[in-house]
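Have a look below at one chain only, the form predicted on its own, in C-alpha cells format.
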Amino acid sequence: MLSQQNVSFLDEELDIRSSRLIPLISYPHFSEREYKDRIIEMESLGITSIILGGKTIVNGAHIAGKGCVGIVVKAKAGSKVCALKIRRTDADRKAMDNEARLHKMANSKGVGPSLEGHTKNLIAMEFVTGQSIIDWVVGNKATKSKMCTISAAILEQCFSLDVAGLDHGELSRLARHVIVSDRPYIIDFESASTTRKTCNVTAAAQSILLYGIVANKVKKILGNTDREKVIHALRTYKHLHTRAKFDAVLDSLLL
C-alpha cells in the first residue's frame, strides 16, 4: 500500500494546526468535524507538528505514502520523529483499531515498525528511514551475499507471522510492503488477518524470486536458480508450516 521512505529535500515542518495541512488531515473529502476530531487525537498522541516531504504527492504536498485506507506523513511528538498514518475519510473502515491490534501482534513477533500509539483515526509508529526493496535492489547494486541476507531476513519474518497465524495479505506485492534500512521492515498491516490461512512465506518467496518486478531484479543478482526446486519447496511448505519445511524453502532460494 505505502512506504515510509527517505523524505526529500522538500522537508518542511508545520504545526498540526497549519491551514496548509487541512487537506491532508481530512483527506480526500474535507469534514470540519473529522478535522477537529483528528487534531484532538493528534494532541492526545503528543503530535505537535507534521513534516512535509517524500516521493508521494497529495494535493500538492509531498508525503511519505498513500494507500486505500490512509496516508502516511512524517510527524513529531516533541523531539521524537514518527510515522503517522491518518485514516482517509473515504476508507472502507470506520476506525484504525483492528489494524493497530494486528500491527501490535506483528511487533510481538519482531516484525514491522514499532507501534507507538493509536486512536480512532490515527496510528503512530516508528519512522523507518530507508528504501523500498525495489529501489534498494536497483539503487544500491546489492551483492549476491547482501541480497541473500536481506531475502533470508524477510522470509524469517514471514515465517514468524505464519507460525503466529497472522497473514499480512499483501506480500505478493513486495515492492510496496518492504522497506530496507539496516534491516528489512515489513510494513502496512491494513489488510492483515488472523482468520484466513497464512501464506506470508509463499507470497514473499514468489515475489522475491519467481514473479514480478522485484524477482526480475533479484534473479539478475543471484544468478540461475533451480525454479522447479523452489516451486516444490514452496508447495511442500504451504501444506505444513514447520521449521524444517521452511529451511528447505531458504535452501532452494538462496543456495
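Quick note: we count residues from 1 along the sequence shown, nothing fancier. Being a predicted model, the structure only gives us computed values, none of them experimental.
Although it is not shown, the form predicted together with a small molecule is what the next lines describe.
This chain is displayed alone, yet in the predicted complex one of 128, 111, 133, 171 has a heavy atom within 4.5 Å of the small molecule; that residue is 128. The partner is absent here; in the predicted complex, the one residue of 180, 75, 72, 161 having a heavy atom within 4.5 Å of the small molecule is 72.
With the partner left out here, the small molecule still marks one of 186-194, 44-52, 206-214, 27-35 in the predicted complex; by a 4.5 Å heavy atom cut-off that stretch is 186-194. The shortest heavy atom separation between residue 176 and the small molecule in the predicted complex is within 4.5 Å. Interface membership of residue 66, defined by any non-hydrogen atom within 4.5 Å of the small molecule in the predicted complex, is confirmed. Among heavy atoms of residue 105, none comes within 4.5 Å of the small molecule in the predicted complex. A residue is said to contact a partner when one of its heavy atoms sits within 4.5 Å of a partner heavy atom; residue 83 meets this definition for the small molecule in the predicted complex.
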